[in-house]
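Below you'll find only one chain, the form predicted alone, shown as structure tokens.
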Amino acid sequence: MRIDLNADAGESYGVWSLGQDQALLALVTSVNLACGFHAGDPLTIQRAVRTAKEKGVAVGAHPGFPDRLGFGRRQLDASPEEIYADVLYQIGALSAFVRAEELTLHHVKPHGALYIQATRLKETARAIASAVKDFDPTLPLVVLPNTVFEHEAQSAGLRTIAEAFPERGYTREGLLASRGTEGAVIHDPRLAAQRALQMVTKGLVESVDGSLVAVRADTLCIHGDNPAALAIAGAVREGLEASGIEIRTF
């Protein structure tokens, strides 16, 4: 049994620093790098790509809504045409830095409110999938499984990577609990590690109301802006490897 461990990173901006990318990327096998819309800037992107190369981590694009003030976690009333163009633009920006380092872009995973909106709105999911397909139809798209996002991506002919979140709360419907609600964000590394193991070995996770929810996971996500991200990533990796699960890029 094997699983990919991914992290959202490259989310600093100018002199404002967020996360511990150097240490975090030593613990994961793939990374989703901000593309300058919700966070990141050209120099941050360049440095993050170089760090990923140094650590041997696969690099993916992490496009979000153009909302640095809200860190891409506020839903914007953007049209499908705007979403398509924004996603295509961001993939292109990151891919330039990836190419400059003689690497290959590995995947795409939307960020924050854009990701959540794609799990619920067919038009958003279709716009994202179209942008990825038009950029490179062989590029995998990371999705929340059993949602319209997964369906639209597969309908577009894309390879989908099912993602689960050991440090995020789930609703009984299998969606991510809204940030700001009780249990939506988990900071306890031991609990996150237990949830990760349950996700991978049993395909289950406990929801915020205590019920068990079925999940599928090709990759597990650690949010780099979680203050406990480093401890969580270490605990998750240690727990999975101790159970004989191989941590390997999808």
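Predicted model, so just to flag it, every value in this text is computed and none were measured. Note that residue numbering follows the sequence shown and begins at 1.
There is another form of the same protein, the form predicted in complex with a further copy of the same chain; it is not shown, and what comes next is about it.
*Asks:* Counting only non-hydrogen atoms and a 4.5 angstroms cut-off, does His38 reach a further copy of the same chain in the predicted bound form?
*Replies:* Answer yes; at least one heavy atom of His38 falls within 4.5 Å of a further copy of the same chain in the predicted bound form.
*Asks:* In the predicted bound form, does Gln46 come within 4.5 Å of a further copy of the same chain, counting heavy atoms only?
*Replies:* Contact check for Gln46: yes, within 4.5 Å of a further copy of the same chain in the predicted bound form.
*Asks:* Is Glu82 close enough to a further copy of the same chain in the predicted bound form to count, meaning some heavy atom within 4.5 Å?
*Replies:* Contact with a further copy of the same chain, yes.
*Asks:* I'd like to check something about Gly92: if you look in the predicted bound form, is any of its heavy atoms closer than or equal to 4.5 Å to a heavy atom of a further copy of the same chain?
*Replies:* Although a further copy of the same chain is absent here, Gly92 would touch it in the predicted bound form, with heavy atoms inside 4.5 Å.
*Asks:* Tell me, out of Ala162, Leu76, Val148, Ile116, which residue has a non-hydrogen atom within 4.5 angstroms of a further copy of the same chain in the predicted bound form.
*Replies:* Of the listed residues, the single hit is Leu76.
*Asks:* If you check Lys122, Arg99, Arg179, Arg172 against a further copy of the same chain in the predicted bound form, which one has a heavy atom within 4.5 Å?
*Replies:* For this set of options, the contacting one is Arg99.
*Asks:* Only one of 197-205, 22-30, 61-69, 183-191 has heavy atoms within 4.5 Å of a further copy of the same chain in the predicted bound form; I'd like to know which.
*Replies:* The contacting stretch is 61-69.
*Asks:* In the predicted bound form, do Val15, Pro42 and Leu88 all reach within 4.5 Å of a further copy of the same chain through at least one heavy atom apiece?
*Replies:* Yes.
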